[in-house]
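Take a look at this single chain, the form predicted alone, given in structure tokens.
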């Protein structure tokens, strides 16, 4: 009887301490989130309500008034979102078929193809943009050739920028879609064919809906960084004639010491992007679908 009690006590003790073990394992992640995300956002929020006057700091809401009332900022936001949307749509049109093809390739070759997709990301983004600048930027080899022979200036009309954004962020569209496609239970596809559906219907009714969460993830991972890009617009786009990106304006404000105004624009942009992301996730009807569920 005493042996049974000791065994029961040990079992209860282990079950009691199990949540503590899980919490302790989560501490490093929580610490990283706190130090690298929460704390900087709080500092940014605090700076957005401060104006520097000489050596004194003044609490004010004027930074947000300027951010909302200045038409130049809204024009910049429109330009940023326009090119981000174009780049995201092109990435989706290229990335989904490629991810679908990759999911059907023999597993032996999938790793090699994924390695080739990820290889450009091992090189610093600034270096890759400089490489594109030598080809498509102002005075670049391809840009000069197109201007001289076809009167088509890819630098001034934004084509070079779109090409650069697609080149940089295309892997961020392919990988999430590929990840969801390979997780689709083949039984769902077989059931579609057994019910008499043709390949197009199977893709329309089964494959694409079940991979939609990957599409949303890819759109988010491409749209957000392209809308706030700094390096690519600086070297691949004549912003003096077409308008600055919102990320360039924030950078310029901070470099000139206007921390409050730059922070207010950043906070407003973060709120706007968060609302857009949450709204996009509402469209995923299959987000909670797991294997075996109807």
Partner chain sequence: MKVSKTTKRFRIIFLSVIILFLYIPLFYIVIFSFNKSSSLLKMSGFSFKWYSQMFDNDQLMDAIWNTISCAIIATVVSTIIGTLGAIGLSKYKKNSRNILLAATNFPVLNPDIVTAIGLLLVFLLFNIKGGYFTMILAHISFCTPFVIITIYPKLKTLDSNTLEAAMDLGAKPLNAVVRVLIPQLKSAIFAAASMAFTMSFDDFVITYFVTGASINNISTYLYTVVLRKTKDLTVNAFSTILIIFIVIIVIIRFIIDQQKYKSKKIKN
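What you see is a predicted model, and the numbers here were worked out from it, not measured in a lab. Each form is matched to the other, and the largest set of C-alpha atoms that superpose within 1.5 Å is called the rigid core. Residue numbers count along the first chain shown, from 1.
Not pictured, yet referred to below: the form predicted together with its partner chain.
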4.5 Å heavy atom contact, residue 280 to its partner chain in the predicted complex: no
Would residue 141 count as touching its partner chain in the predicted complex under a 4.5 Å heavy atom rule? yes
Contact test in the predicted complex: residue 151 vs its partner chain, heavy atoms, 4.5 Å: no
Is there a heavy atom of residue 126 no more than 4.5 Å from a heavy atom of its partner chain in the predicted complex? yes
Candidate stretches 206 to 214, 79 to 87, 105 to 113, 179 to 187, one within 4.5 Å of its partner chain in the predicted complex by heavy atom: 105 to 113
Proximity to its partner chain in the predicted complex, single hit among 159, 175, 146, 132 (heavy atom within 4.5 Å): 132
Contacts with its partner chain in the predicted complex - residues in 248 to 279 whose heavy atoms fall within 4.5 Å: 250, 251, 254, 255, 259, 263, 266, 269, 270, 273, 277
Quick check on residue 257: with the core superposed, does its CA move 2 angstroms or more between this form and the one not shown? no
After fitting the core, residue 230 CA displacement of 2 Å or more between this form and the one not shown: no
